[in-house]
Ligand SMILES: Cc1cc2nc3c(=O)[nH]c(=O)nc-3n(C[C@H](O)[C@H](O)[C@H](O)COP(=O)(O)O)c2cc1C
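Before any questions on how it binds or moves, here is one chain, the form predicted alone, in structure tokens.
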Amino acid sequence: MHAFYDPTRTYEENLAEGPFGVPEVTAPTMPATAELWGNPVSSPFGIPAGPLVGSATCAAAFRLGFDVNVYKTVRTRAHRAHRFPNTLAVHLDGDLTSDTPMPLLADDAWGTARSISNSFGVPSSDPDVWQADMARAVAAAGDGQLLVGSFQGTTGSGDGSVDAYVADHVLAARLVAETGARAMEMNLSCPNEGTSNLLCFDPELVTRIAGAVKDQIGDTPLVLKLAYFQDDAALERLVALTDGIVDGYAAINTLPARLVDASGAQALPGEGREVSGVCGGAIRWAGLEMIERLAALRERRGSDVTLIGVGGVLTVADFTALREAGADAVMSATGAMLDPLLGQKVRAAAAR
């Protein structure tokens, strides 16, 4: 059984009926051990955009001691999820790297699997639905807790121009701001919209969008969610252009892999789903490396930008490793799904 999000049920079932597999316990309140953008937090740990598909799952995460949680990415209009299944167990030994032989086996034999597929297509309700629900998620945060609203623009918006694409991001940000969210994350790294043409790899366009969004939301903190950058120069250029605009970077989202079932057929049904983003233990190395590189850039530039480490965090030791590498906060999706008490374990470690 997985907590928060049940991969054996559709996205729509999880949204309407979840959370699933969440124990009926409540973490005790505790003093703040850190601060994010002026907000005291009991622990700088939580769940990224992904498992927390609505206010009920966000409330459960807060109750269990995950203190910095991200409401799953929303859009300016309704968008359907990819066909079920979306999340499968991915079987591989060791790290997922560019040298890993492909394809990888993905199925519903969870067993001891510690990596999963991420193939949703960034579904979203209409703003008339998600705004009210996100506001409930914001209200569910207790003392020392913070709800982050994630959003993205949609390609092909309006007349299909770049101007319309920028405007769609700005509209999404304004709609999130209206919920009362005290921090926002702009998703630049969705693995379901092409792994080579991700928005985060276009630094000039990111800079234009981020500037327009900040003009709209003012002092509300804005975090950019990044994919893994293989090229140091490309990452350095993105940071050079944006760290005077935005308030933080979160890294990483997923790593891509071609997934098949036991017969060798495409594991996830539908056109364009031969390759999926992979989360969990197999990408731990990439999340850690990105934080190390971002922290080095921050120090070199004398910047105070906030870094959020994501990717393969399954244990308290993984949390500690990212903190020591320079992350101001850490988030876990797969780890939280496997261990709903991970937030309380991290809280205990952070308080020591």
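What you see is a predicted model; the values in this text were computed from it and never measured. Position 1 is the first residue in the sequence shown; the rest follow in order.
Same protein, other form: the form predicted in complex with the named molecule, not shown, and the subject of what follows.
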Can you pick out, from 290, 49, 322, 68, the residue that has a heavy atom within 4.5 Å of the named molecule in the predicted bound form? 49
Which one, 327, 283, 61, 294, lies within 4.5 Å of the named molecule in the predicted bound form by heavy atoms? 283
So in the predicted bound form, does residue 148 come within 4.5 Å of the named molecule, heavy atom to heavy atom? no
Quick one: does residue 254 come within 4.5 Å of the named molecule in the predicted bound form, counting heavy atoms only? yes
Evaluate residue 134 for contact with the named molecule in the predicted bound form, applying a 4.5 angstroms cut-off between non-hydrogen atoms, and reply yes or no. no
Give a yes/no on whether residue 187 approaches the named molecule to within 4.5 Å in the predicted bound form, heavy atoms considered. yes
Looking in the predicted bound form, is the named molecule within 4.5 angstroms of a heavy atom from every one of 120, 310 and 334? yes
Counting any heavy atom within 4.5 Å as contact, can you tell me which stretch out of 171-179, 262-270, 245-253, 157-165 lines the named molecule in the predicted bound form? 245-253
Heavy atom within 4.5 Å of the named molecule in the predicted bound form: which residues of 53-82 qualify? 72, 73
